[in-house]
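One chain comes next, on its own, written as structure tokens: the form predicted alone.
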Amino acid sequence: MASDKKLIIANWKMNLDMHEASLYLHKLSKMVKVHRDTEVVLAPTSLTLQSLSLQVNLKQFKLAAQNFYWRDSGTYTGEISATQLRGVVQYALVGHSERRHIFNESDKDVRNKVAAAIRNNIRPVLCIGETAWEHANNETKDVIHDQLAGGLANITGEELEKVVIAYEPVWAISAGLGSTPVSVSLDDVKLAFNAVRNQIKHLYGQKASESIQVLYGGSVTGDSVADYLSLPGVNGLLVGWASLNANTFNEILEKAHKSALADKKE
């Protein structure tokens, strides 16, 4: 079965300059307790990654890139490769809905990035999820099927062990600080996670379906975290705006720890 270790990833998106990011990491390091059953990953902007990599305690936090280009090097002005990130980050987000829908990244781009991360010893976090229109038209399973098949097209069964899947319903992602979080029913999450694991089973077999780490993201708050983590097959969370509030993020981490403890007792 999937690991009972909870994986919590904080996506800071395009927020915090170098000074602010350093201060925030320092604040978090004073608050957040290290638990063996919880892995905490911070995904700051590319600008701050190198400086934070020198500041971070890797026993407490790992780092993730929010984006990168799939070529290892070349004449690609303005881009950063997975090869350049190697040794700086341990994880990288791939195919986030904002990359797909704002920057028009295709399934080909996504699968090339997944493969690039793996060959550079970085764990790709493959983000999938349906839009509001697709959700309203009952296309959630179809979208999950297509995005998983497209994103994992170049990945072998052995390489799949390094991949993390993050299900984020696009219609539920918070618009920003001060916005009202969109409530996603537990039944909707169950349906989506069943679709994810069924598709992995179809592509790679039962064992892979049970062992792959699958995260939930989509307006995760301190109030909702326990409910989502209580669902079967939810191995962690991809947290957006809530991760920029130290108290809220610490609350999420402590509830994740309690959830991991509860899993061990079952």
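Fair warning: this is a prediction, and the values are worked out from it, not measured in the lab. Residue positions are given as counts along the sequence shown, with the first one as 1.
The form predicted together with a small molecule exists for this protein as well; it is not shown, and the discussion that follows is about that form.
- Put simply, G236 is far from the small molecule in the predicted complex: not one heavy atom of it is within 4.5 Å.
- Interface membership of I173, defined by any non-hydrogen atom within 4.5 Å of the small molecule in the predicted complex, is confirmed.
- Interface membership of K13, defined by any non-hydrogen atom within 4.5 Å of the small molecule in the predicted complex, is confirmed.
- Contact between A65 and the small molecule in the predicted complex is not found at the 4.5 Å heavy atom cutoff.
- The stretch among 27 to 35, 236 to 244, 46 to 54, 193 to 201 whose residues place heavy atoms within 4.5 Å of the small molecule in the predicted complex is 236 to 244.
- By the 4.5 Å heavy atom rule, the three marked residues H96, E168 and S219 all count as contacting the small molecule in the predicted complex.
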